[in-house]
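In structure tokens, one chain follows: the form predicted alone.
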């Protein structure tokens, strides 16, 4: 018997970094997916095969002793196998670039939790989400759960630390052109730099949080009306605030300028310091936007919002 599940990646549309200080962030699932297949096998072992390597261990190992990016899968399998007399083989296939802020780890945790748990019983999306967040904490101890949530339910969500998650029922129709800087970066280091910016100028940072809050409120209204041109203006504004708090660099600025030339607006998505940017487009300028990046030899691809979320089959 096999159990199979897939979950989408994600993009932070607005609010990264400011969300740490209580401002709402807006996230959306994207139509690039992780697919996980789980199957019972003989012996008390857990075998994981993926495009970033393989891992095979007996059950009952301490998670702290496992040094592998695949350990969330081991955690899930070992937890679910506690009262079962079997082993598990897990096969992972990914459409999502790894380590660039597009939710690959969260999608892995969600799809993995669904595929593994449903080998043994029917689990709800709520139960799967809870398992996925536990698994993600094996690699990101302080995860908010926002990424796993949007990967589970799909669509667009807003999130803030005080009120948690709220699914936005609007279904706007736009494309995002994702361009990858291929620059290594440390999320922890960039977050620490933003904290230092705040500590050095509390008043200025407080003012930025206020205008970011207003921007996010405006964006929520524009999403309902699918007003892509005005959304593009907000994308540009948000990028200015990210520049101010110091998460950009020369290469990212060059990429954003390329994106701005053809699309409605472009900005960093995620931590900054490297990773990806997105450019907001529709059918009228999608091809031109992609070509602008390709002409400069940047890795890029287009995505749309994934409204399905977790899929099991």
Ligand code: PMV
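Keep in mind it's a predicted model, so treat the numbers as computed, not measured. Residue numbers count along the first chain shown, from 1.
Missing here is the form predicted in complex with the ligand; even so, the following discussion is about that form.
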Contact check for 12, 185 and 191 against the ligand in the predicted complex, heavy atom at 4.5 Å: yes
Option from 269-277, 55-63, 250-258, 283-291 whose residues, in the predicted complex, bring a heavy atom within 4.5 Å of the ligand: 269-277
4.5 Å heavy atom contact, residue 17 and the ligand in the predicted complex: yes
4.5 Å heavy atom contact, residue 165 to the ligand in the predicted complex: no
The ligand contact in the predicted complex: residue 101, any heavy atom under 4.5 Å: yes
In the predicted complex, residues of 134-155 near the ligand [heavy atom within 4.5 Å]: 140, 147
